[in-house]
Each structure stands twice: as structure tokens, then as C-alpha cells.
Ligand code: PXL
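In C-alpha cells, the next block holds one chain alone, the form predicted on its own.
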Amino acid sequence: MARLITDTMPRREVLLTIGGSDPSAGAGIQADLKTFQVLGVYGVSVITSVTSQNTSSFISRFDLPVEVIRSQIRAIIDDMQVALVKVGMVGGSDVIKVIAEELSGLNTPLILDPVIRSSTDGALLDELALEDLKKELVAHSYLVTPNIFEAEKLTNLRIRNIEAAKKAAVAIKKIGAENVIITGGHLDGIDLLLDRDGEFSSIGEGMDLVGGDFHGTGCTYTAALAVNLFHGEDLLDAAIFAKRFVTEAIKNAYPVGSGFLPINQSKRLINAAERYIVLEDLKGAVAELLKLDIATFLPEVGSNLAVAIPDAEGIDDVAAVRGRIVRCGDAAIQVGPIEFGASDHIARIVLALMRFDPDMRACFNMRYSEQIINACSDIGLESAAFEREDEPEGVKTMDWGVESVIKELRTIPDVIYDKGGIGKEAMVRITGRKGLEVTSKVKKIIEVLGY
């Protein structure tokens, strides 16, 4: 019998998260698993409690029976090689003791995010369980990552500045934690690390401080930090990365719900996918263009086809042909590769389109002629023009011309053209939602013209 390839594949380590379920998916187990996935680690989970909450309120919490929690932990550690454990919401003393018992024989680092209350002010830890949390989990943790409120609860110290945070970190370390990071969302954005050697480090100085109310920051921070420790980074580097990662996730928070914004751990993965999709669209569109007899329709400065990712912010988010598409004898050739940041001219037009309609993310430029404009009309494309002589001083022609047409029409036409001016070549610009759509319009124009 043939052996399956899986019979000989080496088994990889996993990262285990233990915590509560958040149906809004902003925090808890859901946030952890999203973070692990985005950062390239296979995450497994044990659920301690099922909460009913959303972005604006905490409704209820149902702690799972301890034997159910125990069986989940055993199911994982009996079958998989766990490299690191992250613990978040634990609920009550019975759960704490079960977790401590089941992990006692597991020789892996424990990272504890001592969750006490949700961002929507729901109680996630019983008041009477605090001492058990300190004795059973804090005392045996490689790293504890409380926020200011949680550090105050763990130490009975009031924290209003960095010096007070240092005293609290020392107090938590005395409980038994090897390392402590007090996260500083409420301390001018600075995180304070106290390492096993007793050295302090400030994390976040000079980084962007994003204002607002967000959901899932603590879970995501600790999960990202855990991934980097999993990959073998030292603690300080892992903490710096986690700080940058959660800041990026905050900046890209999802505008859902009516309360705290769930942060977006997946933005970098989505962004990578969007860039791949744009490149594939553009490659196919340029290949279709070069099959057409377009050499006659190329302007003296050459043509380019540019496509942007959704939410593009600058020309580095717009892909085009490096060196443009130019005429060589009777043929049109692609001078360079297709890549992001390859165009300034057409990329600026695309960005101008997107400021009015974010879905209009593609543009191709052709030489101007009355025949081309008439052909556009014949196939039902809407055209509009601007006059170069009306261009104000100190503005970029493409941005101003395209935007002036859009503002006048209050919509984006299929074709935006101008008849040029002194030292400025007349130009036709074909707009669309993606590269292949623009190419389809160009093909129809050329067919009408009989080429």
C-alpha cells in the first residue's frame, strides 16, 4: 500500500491559547487565533467561558464546567506538541486551578494576560479569584502582561506615572513572574518591561499614539508577542514588534457596531492578498492590450495602465508598468516589469478617481484624436473634457484636470480627455474598476475604429 505523504511529514509545534469566546470576534480566543494565523503560526484553543457581548455592551458570561475545560486541554497536549501557552480570561478559581494542574507537567513557557474586565466593562474574573490567579498562574508565568487597571488590582498600588508603574512591575515580579510588561494604553502609550534580570525598558517611545476606543488591543498585543517568542525572538524585540503590530491593527480598526471598534489583525494579510490580486489583474490586462493593434494609439510619451489596491494611500499602492508601454516601429512593447510604485503620472490619476469613488481603481492613457472620442460615443462610453488653459498655477495637471471633470459631472465618466496645450500633449484617459475592465473598453474602441 502506498504511504501517504503525511505519514512522513515532521510534526510542527503549535501555540495554545486558553481564554474566553467573544461573539463580536474583537477580543478573546477569536482575536488570538486571527493574530496567530496572520503571523504564520498554527494556533489551537481551549475555551474557558462563552460570553455574550458586542462592541457597546457586555450582556452575560457562561463559564464552562471545569471538566470540559480539562478535557479540552488534554485533547490538545495529548496529541500535539505545544511550544508556548497564552492564558487570557479564566473566570473563576476552579478554572484557574484546573489550568494550573493540567499545565504543570507541560514544560513550556506560560504567558499570562490577566484579563479582569472587558472594554465594555464586563467582569471576566471573579473578585474572589484574584488571589488564586496570583498564586496559581502569575507565580508560574514566564511573562505577565497586565494593563494599568489590571496591574493595580494585582498589586493594590495606584498607577498614575512611570515610576508607579515600575513599583507595580516589581511587585508582580515578586509574586513569581519571570518577566512583566505593563501595557501603557492609559500611560501615554508607553509599555514598561521589567525583565528577569531586573532591567527596565520603555517600549513605544516615538511610535504613533492612536486615539479612540478600541476592542481587543490587549489580547492582540499579547498574542502577537507570543508568536514572536514562538519564533525565537528575544523578549524586548518581541514586545516592540507586538506594539507595532497592535498599533497597525488599531489604525485599521473595523467600523462595525455602535461602540468600541474591533481592531483589525488581518490587515497585513488582506493587504498582501489585495496586492496579489491587483498584480494578476494588471498582468492579464497588459497582456490583452499587447494583443491589440494599439501602437497607432500610443501617445509620444508612451502609455501606462495602472491599478490600485482598495484604500490606496499613495503611488506605492498603485501598480503599473515600469518604463511604460511604448511604440517600437509598428508594435507596442512593454518596457519594464509590472510592479507597485512604477508610475507617477497615471497613478496620480487613479488616486484622484478613488478620492471620489473608491471602487474606480484603474486607468489607461491613449493619444487624443476626434476619431477616438467619436468611437467612445458610438459604443456608449461617457466622455468629458477639461481645458489645459484653465489650469491654475502651482497644481499638477492630471490631479486638477481629472478632479475638475468629476466635480462638474458629480460622477466619473468612462473617458476623460484634453486637447493639450503649449508643450503639453493631448491625451485620452480610459477609467474603470480594474485593469481587465479598462482593457475591454480599449478593445471596443479599437474595433469600432476598424483596427
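Quick note: we count residues from 1 along the sequence shown, nothing fancier. The structure presented is a predicted model; accordingly, all values stated were derived computationally and were not measured.
The following text describes the form predicted together with the named molecule, which does not appear among the structures shown.
Practice prompt. Look at the candidate spot formed by Leu289, Lys434 and Thr439 and say whether the named molecule comes within 4.5 Å of a heavy atom in all three of them in the predicted complex.
Written response: Not a single listed residue reaches the named molecule in the predicted complex, so no.
Practice prompt. Answer with yes or no whether Leu124 is in contact with the named molecule in the predicted complex, where contact means some heavy atom within 4.5 Å.
Written response: Yes - in the predicted complex, heavy atoms of Leu124 and the named molecule come within 4.5 Å of each other.
Worksheet item: Just to confirm, Gly401 within 4.5 Å of the named molecule in the predicted complex by heavy atoms?
Response: Flag for Gly401 set to no.
Fill in: in the predicted complex, Val115 touching the named molecule (heavy atom, 4.5 Å)
So Val115 counts as contacting the named molecule.
Practice prompt. Would you check, heavy atoms only and a 4.5 Å threshold, whether Ser45 touches the named molecule in the predicted complex?
Written response: No, Ser45 is distant from the partner.
Worksheet item: Exactly one stretch in 419-427, 51-59, 33-41, 64-72 has heavy atoms within 4.5 Å of the named molecule in the predicted complex; which is it?
Response: Stretch 51-59 is the one.
Discussion item. Going by heavy atom distances of 4.5 angstroms or less, which of Leu225, Met89, Ile346, Leu143 would be at the interface with the named molecule in the predicted complex?
Written reply: Filtering the options by heavy-atom distance leaves Met89.
Fill in: Heavy atom within 4.5 Å of the named molecule in the predicted complex - the one residue of Ser303, Asn264, Ser119, Asn179 that qualifies
Comparing distances to the named molecule in the predicted complex, the residue within 4.5 Å is Ser119.
Practice prompt. Pull the contact list for 10-29: residues with a heavy atom within 4.5 Å of the named molecule in the predicted complex, in sequence order.
Written response: The stretch touches the partner through Gly20, Ser21, Asp22, Ala27, Gly28.
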